[in-house]
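Here you get one chain, nothing else, as structure tokens; it is the form predicted on its own.
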């Protein structure tokens, strides 16, 4: 089903049972797999590829228990040129994906997230709201990127990394702030980063480490709790 108000470019391939809602804009040479749902106002650039069973431009929702209610008037989802989105992924309104990004199957990207050009969001990775991801960042399979996080350019995050943004776990007495990962830092697989820690430029966090304090630039830290090694 394609809404008459949708604008679709040239040489676009659309699979079976695709839903394209009102005011969607799709560029040239785009490929859309079977059973994709593209919600209203979504903007897709040229040469993008959208995998099967994916939902683009989903609106955020909540219940009465949630302290942080999502904004009602979010900007449309914007997908840049040459972006590849895998199968069974869900990307919300208010997200901006720049040129050349790769998003693996089963990924989830919440509202108010920006991702810089040529970055990778791995299979089954989750990116929560209000997070900024720089250029040429790699986030590997199964990683959890919490809300209110900053990841600068050329950061590497290994598989199954876990991050958090609420120091007192729902008590309401801590301003939500996820980790800040500076340019060129590398995070090993299964590492855990606690709220508001800063990982300095070109620092290395070893696999399985639990980071409770800031890591200075150009240092390597390992263990639980993390300790700097020479």
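Keep in mind it's a predicted model, so treat the numbers as computed, not measured. Numbering follows the first chain given and starts at 1.
This next part talks about the form predicted in complex with a further copy of the same chain, which is not shown.
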Worksheet item: Hey, in the model of the complex, is residue 93 touching a further copy of the same chain, heavy atoms inside 4.5 Å?
Response: no
Using 4.5 Å between non-hydrogen atoms, is residue 55 touching a further copy of the same chain in the model of the complex?
-> yes
Fill in: Heavy atom of residue 205 within 4.5 Å of a further copy of the same chain in the model of the complex
yes
Task: Distance check, residue 109 to a further copy of the same chain in the model of the complex, heavy atom within 4.5 Å - done: yes
Query - Three-residue site 119, 126 and 164 fully in contact with a further copy of the same chain in the model of the complex at 4.5 Å by heavy atom - result: yes
Those residues of 49 to 66 with a non-hydrogen atom no more than 4.5 Å from a further copy of the same chain in the model of the complex are 52, 53, 54, 55, 58, 61, 62, 63, 64, 65, 66
